[in-house]
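Read the single chain below, which is given as structure tokens and is the form predicted alone.
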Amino acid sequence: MADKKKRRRPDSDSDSASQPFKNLLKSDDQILQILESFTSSFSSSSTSKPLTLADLALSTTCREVSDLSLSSVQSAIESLVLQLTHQILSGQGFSFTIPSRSSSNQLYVPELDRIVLKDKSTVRPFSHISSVRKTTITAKILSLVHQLCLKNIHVTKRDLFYTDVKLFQDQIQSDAVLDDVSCMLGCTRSSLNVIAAEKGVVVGRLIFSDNGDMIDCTKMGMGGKAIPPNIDRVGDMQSDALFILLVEKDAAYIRLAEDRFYNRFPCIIVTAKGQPDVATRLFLRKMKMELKLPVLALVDSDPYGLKILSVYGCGSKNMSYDSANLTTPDIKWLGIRPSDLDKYKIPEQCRLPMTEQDIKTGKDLLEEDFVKKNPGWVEELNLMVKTKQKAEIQALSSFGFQYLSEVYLPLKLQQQDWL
């Protein structure tokens, strides 16, 4: 691991005047003691086995997928094709039964604190003019995945799209059907050997193996290590970190990486550079479950920042069928929170007015069950909608480019100010 020597913070009167609340900071050693106590209590509470859907006696039947081997995926596709052949030969026509991923077929389960998929399905017949093209795309995707199983190789979603651009027309359409196929076969999307391009990055107190190569994330420079798209090849995670810091934006991530915040306060810093991708969500969950570390989230103070946080924590409605593998439970909302704007005296010129769409999104979030379960989230969202103000993490730069790493985050950690 990296050298644990602490860097001394500059401490001048002019610096304190330009960096509000810096005088409230305790020494790094005192803050570390607070963090060590928190992490120790968190690890103790994480020893119990997490609840699963099977443990609950829900009145509604729900559907979940699991990791399958390539041979199992291949067998599932071949069995499905055999059923389709029997349908055609018996004169019933050719159709797929697809689990519905519509909003009406989603269910938030408070005991699990995540969104799951209910058991409703729709029929996609080849003979109907409204569904013939989508049925053809489904058959094409099944054929391509079967080839991947036979060859035991991975391809990107973009590769898949370019196998027949005229049929797919748009990658959004091939991506959507890929999720349908995954749900229909009862396997995770990663089981299909179709991956997304690398997007997320990680830096800090983490060592892990990537396809047999040992990676030390303290020695990856400012850019960090790209999160591998094949999470099944990641293993042997080791860390002396006290927490995982999940960052929404690339700009904030670069600031913390360049300042080597992870050496001052031992942590692992991870970002998906905006909207969470599957690989980053899988990697974050793997880190938390294996290392038993708390996850603290740093997102923009706007409705979309909270939506991004909720995707990591409770799952996305689009991929609710795989929420068991893609969600990271009990993520703490560290900042930037609406109440921080006044608390940290963020200048008015650094705050942005919320648009009508922002306000609508905020009000819609207040109606979501996963938000209602968190009184602190409700209070912060209500404040945001009432004041009609939002701010990005970079608003803290008005007090100096390093205010985020030198004052704001250390003070948040010292006060254990998270929800």
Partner chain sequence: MESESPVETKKSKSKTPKKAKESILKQKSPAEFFAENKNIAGFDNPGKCLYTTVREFVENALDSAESISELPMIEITIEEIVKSKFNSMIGLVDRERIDEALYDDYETAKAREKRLAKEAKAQEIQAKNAALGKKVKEHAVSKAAKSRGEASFYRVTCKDNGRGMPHDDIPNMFGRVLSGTKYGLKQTRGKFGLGAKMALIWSKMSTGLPIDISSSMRGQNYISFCRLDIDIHRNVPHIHLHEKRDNKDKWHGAEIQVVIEGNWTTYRSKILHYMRQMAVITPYSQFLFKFVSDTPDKNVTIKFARRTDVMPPVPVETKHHPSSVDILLIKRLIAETSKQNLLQFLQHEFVNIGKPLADRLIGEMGPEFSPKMAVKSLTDQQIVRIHQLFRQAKFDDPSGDCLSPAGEYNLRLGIIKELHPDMVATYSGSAQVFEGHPFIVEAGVSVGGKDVKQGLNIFRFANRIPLLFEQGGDVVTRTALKRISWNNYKINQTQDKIGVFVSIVSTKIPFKGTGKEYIGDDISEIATAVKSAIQQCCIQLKSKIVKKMQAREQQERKRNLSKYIPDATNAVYDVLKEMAKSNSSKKKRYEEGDADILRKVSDHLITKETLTEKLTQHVEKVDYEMALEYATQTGVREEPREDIYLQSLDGKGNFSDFHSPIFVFRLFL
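Worth saying up front: this structure is predicted, and the values here are computed from it rather than measured. Residue numbers count along the first chain shown, from 1.
A second form of this protein, the form predicted in complex with the partner chain, is not displayed here; the remarks below concern that form.
The contact residue chosen from Ser103, Gln92, Asn152, Gln349 relative to the partner chain in the predicted complex is Gln92, the criterion being a non-hydrogen atom within 4.5 angstroms.
This chain appears without its partner; in the predicted complex, the one residue of Phe261, Phe243, Tyr344, Phe126 with a heavy atom within 4.5 Å of the partner chain is Phe126. Across the options 203-211, 181-189, 133-141, 302-310, residues that bring heavy atoms within 4.5 Å of the partner chain in the predicted complex belong to 133-141. For a residue to qualify, one of its non-hydrogen atoms must sit within 4.5 Å of the partner chain in the predicted complex; none of Arg63, Ser66 and Asp119 qualifies.
Among heavy atoms of Lys292, none comes within 4.5 Å of the partner chain in the predicted complex. Within this chain, Gln74 lines the site of the partner chain in the predicted complex, having a heavy atom no more than 4.5 Å away. In the predicted complex, at least one heavy atom of Val81 sits within 4.5 Å of a heavy atom of the partner chain.
Using a 4.5 angstroms limit between non-hydrogen atoms, Ile88 touches the partner chain in the predicted complex.
Annotation for 145-170: interface residues with the partner chain in the predicted complex are His146, Leu150, Asp164, Leu167 [heavy atom within 4.5 Å].
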